[in-house]
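Before any questions on binding or motion, here is one chain by itself as structure tokens, the form predicted on its own.
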Amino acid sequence: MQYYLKGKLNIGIDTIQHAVEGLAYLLTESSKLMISEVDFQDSIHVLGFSDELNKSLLQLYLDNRKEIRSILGELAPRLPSYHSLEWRLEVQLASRSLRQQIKPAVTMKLHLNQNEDQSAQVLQTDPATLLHLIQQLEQALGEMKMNHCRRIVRNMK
């Protein structure tokens, strides 16, 4: 069942809800990235609004971006941070059924800090998977040195 607002607008409630959600998304993402006035104007210019509405949206963004950013900071989850890592290499040389086998495993104990609380996670993997993980992390670090990633990180600050 479609509901309409009485009066001048004669617009469906769903349309208004989507407009408010879109406006909230525009303001939160722009505030999160702290984009400049020019970038914000370029972003809303493609929406096809009138110049008066574009100026109103820009003023709304400029007036509220610091407050939106502080609210987003309070809502952000507090992720654990690295404290230390213990590891050991375990090798199973034989079992009852197989007299000669070599089955290596790397066991790691990852100590984390979160809000002054410490916790530990025990992880175990084989050396081949660990090497693959190391290669993937090194590749990701290498990609962070590319100009495209640097621009993204710079805009995130």
Partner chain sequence: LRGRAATERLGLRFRFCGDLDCPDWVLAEISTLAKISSVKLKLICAQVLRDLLGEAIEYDKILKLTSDAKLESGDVKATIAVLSFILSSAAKHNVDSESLSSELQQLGLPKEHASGLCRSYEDKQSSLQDRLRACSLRLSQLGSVCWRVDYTLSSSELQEVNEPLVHLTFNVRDRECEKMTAVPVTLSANKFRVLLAELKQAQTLMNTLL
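Positions refer to the first chain, counted from 1. As the structure is a computational prediction, the values presented were derived from the model and not from experiment.
Same protein, other form: the form predicted together with the partner chain, not shown, and the subject of what follows.
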Residue contact check: T129 to the partner chain in the predicted complex, 4.5 Å heavy atom: no
In the predicted complex, W87 touching the partner chain (heavy atom, 4.5 Å): yes
is_contact(L53, the partner chain) in the predicted complex, heavy atom dist at most 4.5 Å: no
4.5 Å heavy atom contact, T107 to the partner chain in the predicted complex: yes
Contact stretch among 89 to 97, 44 to 52, 26 to 34, 64 to 72 - heavy atom within 4.5 Å of the partner chain in the predicted complex: 89 to 97
